[in-house]
Ligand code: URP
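Starting off, we have a lone chain in the form predicted on its own, written out as structure tokens.
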């Protein structure tokens, strides 16, 4: 199918211009004011709307196996929600079983993702260390994986101690890759969690109290120091606190390759959400937890200054029945919440329209910088000749309210319930195929592709 988008207000991470766009097959082939067309071309009039590159969410957990069962969105339902939100590419995770090779786990995960409608890739997680890990990391790179995720929390399952973490940093540095890091001090958090429970403090309120901002910041500092020693680029996921930002900003000022990500929930929600009944508060149990309003302000400032370069969602929804496994023990509440559908609209409404970020910063945060950081640019994350035709036509005038009744994620709660939104991904094109047209998902769609990154 050949598509002509006419009268586009085209927004990239560097410029805003009025233009037409021609798409042939899966690629953008022409950008200009005067593009000829024929009767066989599909014409889309974008007058009064913004045309942006498809969003890239670098942090999602679809069909994630946990002690409470799988996260409630699989790759199909989660990618549908992503598309409705204007996100055409996602990066999920590969978490092997103890003793399983990273390569085998990657191949298994690719099979699980075959029904995704968005394009997809993975961060691969070493969860232990043995003689073959370094070779497996190298093979993963050959298979198109450039980033490797480690957890400094969850020491009883997938978290790494400092010795293994150092080994992973050195091995990934050797292949020119990047380590993405969940930064919380695992042992200290486990001790606090157990202490509160033994004191009969079992409600969701003790989830944030057992994971204080200082233990995130201490882990960020440790990760930065160890990465500097290994000369390995790092990407710190879901930064939630002003204390953590101080260490990130200092490292960046010193020229270290340290990248920061935050999520809409840390920009727009705070720890007052943990006051109330179990049903009211359990949906907000996530790690790291929601912080203070002052942390929100610090995060917005860090975005404006460029210390935080990407916005992911950490999308990991659970049904309330799964959350209720921890009704008598906050340690057992399924950790996570959904957000893949709402990232662009929240950042547009509460960022662009409130003059906290520009339109180009919005595009950079939600698409371009993730493409550059994770080896997908210029194929993804931009609208230019030769790029994949991942294009979103954004109607800036449509207003609505986020509701569990109208969401597309597979979940019976929504942490952004009641938020007023302005803007809609009205038409969504992935590699030249119109997946959403005037806000409606087309029925006959090809599947997403696994992205080989460089």
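Numbering follows the first chain given and starts at 1. Predicted model only: the values in this text are computed from it and were never measured.
Only in words, not in the display: the form predicted together with this ligand, which the text now covers.
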Fill in the blank from the handout: Assert contact residue (this ligand, in the predicted complex, non-hydrogen atom within 4.5 Å, options 193, 149, 291, 372) equals 149
Practice task
Find the only residue in 154, 76, 129, 197 having a heavy atom within 4.5 Å of this ligand in the predicted complex.
Solution key: 154
Handout entry: Segment assignment from 421-429, 55-63, 42-50, 403-411: heavy atom within 4.5 Å of this ligand in the predicted complex
Key = 55-63
Practice task
Check whether residue 212 has any heavy atom within 4.5 Å of a heavy atom of this ligand in the predicted complex, and answer yes or no.
Solution key: no
Practice task
Answer with yes or no whether residue 342 is in contact with this ligand in the predicted complex, where contact means some heavy atom within 4.5 Å.
Solution key: no
Problem - Exercise: residue 286 in contact with this ligand in the predicted complex, heavy atom 4.5 Å - result: yes
Exercise for the section: Classify residue 380 as contacting or not contacting this ligand in the predicted complex by the rule of any non-hydrogen atom within 4.5 angstroms, answering yes or no. Expected result: no
Handout entry: Residues within stretch 166-187 having a non-hydrogen atom within 4.5 Å of this ligand in the predicted complex
Key = 182
